[in-house]
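One chain comes next, on its own, written out as structure tokens in the form predicted alone.
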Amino acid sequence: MKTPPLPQLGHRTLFPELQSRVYLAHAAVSPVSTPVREAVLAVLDAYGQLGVGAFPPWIAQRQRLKEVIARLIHADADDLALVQSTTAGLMALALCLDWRPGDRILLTRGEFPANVTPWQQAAKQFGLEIAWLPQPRPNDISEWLDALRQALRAGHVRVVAVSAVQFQTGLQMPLEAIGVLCQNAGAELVVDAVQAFGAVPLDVQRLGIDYLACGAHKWCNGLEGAGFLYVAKQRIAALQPRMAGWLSHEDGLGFLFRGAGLLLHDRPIRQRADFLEIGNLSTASFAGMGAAVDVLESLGIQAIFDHVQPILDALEDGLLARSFTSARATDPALRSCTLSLLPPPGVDLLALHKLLTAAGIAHSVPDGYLRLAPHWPNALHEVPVVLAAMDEALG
């Protein structure tokens, strides 16, 4: 059997069917790599050949997936629950916290709704108060931090919910500073990591993150229908099993495989994050995620981040010379792997988007920005291709 190619920074050999000339939309949806495709097909083959007999081996695969994710975020596998998406993880958390009367939730203007709507719904359900922090500006993060300090001093803040990377601007939030402020105030830090995990190094312990949710279909390079939720060990006891299901119990599967007398309806709910694995999950999606995170681990997240920065530098320089306005932070510590720009005066962004897409430059246009998001398969030699397509589109 032919040995599959190994992943290499700057090479897209694992994406042989990708049609785009240059793919810069990893912040939206990742294309499917050969390892992910093969993992998904292996699941389909196994279920086609074995039916129920395929179930136990793929359950075991999920434990290995947790171990890899845990290494990548500097956690333990037991701190993780596999969930369908970032939103699913945040919804479960918002409903299962042991809310107290008078608890306040701090949200941020301009956040992606996945880290807003669940908290709004929890506030309605449990009688909580929501307070808003200003939209963070890439080159004046001090304004946002000052607002956070002031809100925390007002007291009764239970949760500060924020994205690791802002989806419009690519601003990498100063999570370590935020974590310290939260700890000092007795608040809990909840992070939406979908715009970071896979391209931006994350250390949940060093950063003081209490909860972190992420889906697989962006920088992780996986598929929709798979994700994870991290819960710090010291926070497990405070979660109430309001979203528990049949697989949330201790030894929830035993009665199906080990004979009679094991069907009990009073088994305790697990005192681990994985009590939120409430029922059957998409085996194929998690197999694909497993293949994707193996690639990320083999390359190294820091190496991926360092590889992307010169590509963004060159793109930014070229587009600034063409009268675009960059939203990228000038402080390297606040940069991610996303470059967002506003078009030159008088240029219709949606018309520009249509022309660039037709030219084979995959990108996205969230909330009025032109967003370019290269990842580990991208290379510096693609930059002139993008700039030439831009010149053609601008006329």
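Treat the numbers as computed from the prediction; the structure is a model and nothing was measured. Residue positions are given as counts along the sequence shown, with the first one as 1.
Below, we turn to the form predicted in complex with a small molecule, even though it does not appear here.
A heavy atom within 4.5 Å of the small molecule in the predicted bound form is found for one listed residue only; from 87, 248, 108, 283, this is 87. This chain is displayed alone, yet in the predicted bound form one of 307, 217, 272, 104 has a heavy atom within 4.5 Å of the small molecule; that residue is 217.
Each of 163, 167 and 192 comes within 4.5 Å of the small molecule in the predicted bound form, counting any heavy atom. Under a 4.5 angstroms non-hydrogen atom cutoff, the small molecule in the predicted bound form has residue 112 among its neighbouring residues. Of the stretches 193-201, 169-177, 70-78, 122-130, only 193-201 has residues with a heavy atom within 4.5 Å of the small molecule in the predicted bound form.
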